[in-house]
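Shown here is one chain on its own, the form predicted alone, set out as structure tokens.
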């Protein structure tokens, strides 16, 4: 019989914990990048050419928003992996009650 079970109960539980932590952290980072937090300025991928534009703050704000969207996309991927880990936990629990 084909089963979708591919990781054990401890690995699945670890995946859930790491996914929850990753989603919380990345959503908060996405929010802070979206409000253009000055503390995160070093993490914005700007170049010298971005400062030679007619309106440099708008270019930097665009880069902040780009990083913010990337954080939200990564948080969504973590949420999907958390859902997969949750399914693995459920399959492991069901396997415990099955008679061989």
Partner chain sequence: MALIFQSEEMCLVQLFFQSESGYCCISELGELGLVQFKDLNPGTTAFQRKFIKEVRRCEEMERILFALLFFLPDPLQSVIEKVDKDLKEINSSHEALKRNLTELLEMKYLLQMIQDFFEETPIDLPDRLTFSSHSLTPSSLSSLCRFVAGVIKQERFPAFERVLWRVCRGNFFLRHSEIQARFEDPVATVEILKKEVFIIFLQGEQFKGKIGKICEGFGLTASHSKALNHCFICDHVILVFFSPKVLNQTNEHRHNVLTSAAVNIQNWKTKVKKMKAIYHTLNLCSIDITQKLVIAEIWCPVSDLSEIHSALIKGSEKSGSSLHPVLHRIESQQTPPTFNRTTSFTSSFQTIIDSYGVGDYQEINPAPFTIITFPFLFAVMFGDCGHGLIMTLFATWMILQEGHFKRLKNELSDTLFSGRYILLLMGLFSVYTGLIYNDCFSKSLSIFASAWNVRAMFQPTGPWTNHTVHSSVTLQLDPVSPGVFSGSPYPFGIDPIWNLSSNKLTFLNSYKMKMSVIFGVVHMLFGIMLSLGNYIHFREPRNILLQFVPEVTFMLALFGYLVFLIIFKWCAVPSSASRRAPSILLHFINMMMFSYPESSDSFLYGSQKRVQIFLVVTALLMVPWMLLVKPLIILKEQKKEQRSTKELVSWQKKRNSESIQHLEVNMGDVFVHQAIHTIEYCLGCVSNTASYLRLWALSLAHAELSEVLWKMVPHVALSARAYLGSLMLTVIFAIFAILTVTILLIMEGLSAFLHALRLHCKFAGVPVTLFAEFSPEMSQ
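Residue numbers count along the first chain shown, from 1. Nothing here was measured: the structure is a model prediction, and the numbers come from that model.
What comes next is about the form predicted in complex with its partner chain, which does not appear here.
- Interface membership of residue 36, defined by any non-hydrogen atom within 4.5 Å of its partner chain in the model of the complex, is ruled out.
- Its partner chain in the model of the complex is not approached by residue 55, whose heavy atoms all lie more than 4.5 angstroms from it.
- Interface membership of residue 21, defined by any non-hydrogen atom within 4.5 Å of its partner chain in the model of the complex, is confirmed.
- Not displayed here, its partner chain is kept clear of residue 61 by more than 4.5 Å at the level of heavy atoms in the model of the complex.
- For the stretch 61-95, the set of residues having any non-hydrogen atom within 4.5 angstroms of its partner chain in the model of the complex comprises 63, 66, 67, 70, 71, 73, 74, 77, 78, in sequence order.
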